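In the form predicted alone, a lone chain appears below as structure tokens.
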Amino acid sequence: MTQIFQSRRLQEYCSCSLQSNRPLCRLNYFLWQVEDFDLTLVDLKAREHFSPEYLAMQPFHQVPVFESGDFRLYESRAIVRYIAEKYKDAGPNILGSTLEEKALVNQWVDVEAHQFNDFAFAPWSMEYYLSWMMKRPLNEALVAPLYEKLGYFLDVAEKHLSKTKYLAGNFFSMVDLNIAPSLLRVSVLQPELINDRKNVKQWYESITSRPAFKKMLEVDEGWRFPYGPFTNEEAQKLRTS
């Protein structure tokens, strides 16, 4: 593997909680074969993200934070875009080549950020986590409408993916990179959301079978991110308890 960045190490601060962006942090570097990087895990349970040192880097108490020498950046999608631009000659072009391709990538990145993540996946996944952590049943009144929103997003994706291989076109793009770790959790907690949609299932298998994604899972083996923190059987118990 080629070492791309030699003069200054890249540094990224990620969460060590089970509701974490840690897989996406690693996936960024593996995709562009960046070897010279460090990940510093921020313990949210210990409220390390409220420390004066951390607030000097991220005033909104959130992860991740990215550093390259004197340059600092936060917000995960901004970090992905920066790395994609910086190392565009060392890996795939995930931002699009033409003006139209770039516009479609930006459109789907916004769709993933809001229609999928903010309005459905994030609160849905968090409820599974809280029910597990607090040893209580799922709040079905909360989960049910979020499940429907996830289903609607995937219905839209199913129709769209009948025409293109990936969300933004026939090339692997930033939106596929961003959503892949989240879809892995969906596939464990509610696998029918993916398996019952032929085009979505084919797309999911394509983006999670890429070498960089496999390497991310190998490096984080034992951390149990994909299970969020469940096996499918454990998730089923939460739904029926």
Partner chain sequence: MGIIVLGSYLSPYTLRVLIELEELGVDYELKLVNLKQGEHRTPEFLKMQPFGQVPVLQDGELTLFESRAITRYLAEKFDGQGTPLLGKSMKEKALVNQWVEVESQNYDRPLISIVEQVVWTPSWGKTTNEEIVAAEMAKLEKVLDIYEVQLTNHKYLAGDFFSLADLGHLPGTHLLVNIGKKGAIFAARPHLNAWWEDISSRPSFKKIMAKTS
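Numbering follows the first chain given and starts at 1. These figures come from a predicted structure and were not determined experimentally.
What comes next is about the form predicted in complex with the partner chain, which does not appear here.
Peer 1: According to a 4.5 angstroms non-hydrogen atom cut-off, is residue 190 in contact with the partner chain in the predicted complex?
Peer 2: No, no contact at 4.5 Å.
Peer 1: Please check if residue 40 has a heavy atom lying within 4.5 Å of any heavy atom of the partner chain in the predicted complex.
Peer 2: Heavy-atom contact with the partner chain at 4.5 Å: absent for residue 40.
Peer 1: Should residue 206 be classed as touching the partner chain in the predicted complex when contacts are defined as heavy atoms within 4.5 Å?
Peer 2: Contact check for residue 206: no, nothing within 4.5 Å of the partner chain in the predicted complex.
Peer 1: My question is simply whether residue 141 lines the interface with the partner chain in the predicted complex - judged by any non-hydrogen atom within 4.5 Å.
Peer 2: Close contact is absent here: in the predicted complex, residue 141 is far from the partner chain, nothing within 4.5 Å, heavy atoms only.
Peer 1: Which residues in 89 to 118 have a heavy atom within 4.5 Å of the partner chain in the predicted complex?
Peer 2: Going through 89 to 118 in order - heavy atoms within 4.5 Å of the partner chain in the predicted complex - the hits are 99, 100, 102, 103, 104, 106, 107, 110, 111, 114, 115, 118.
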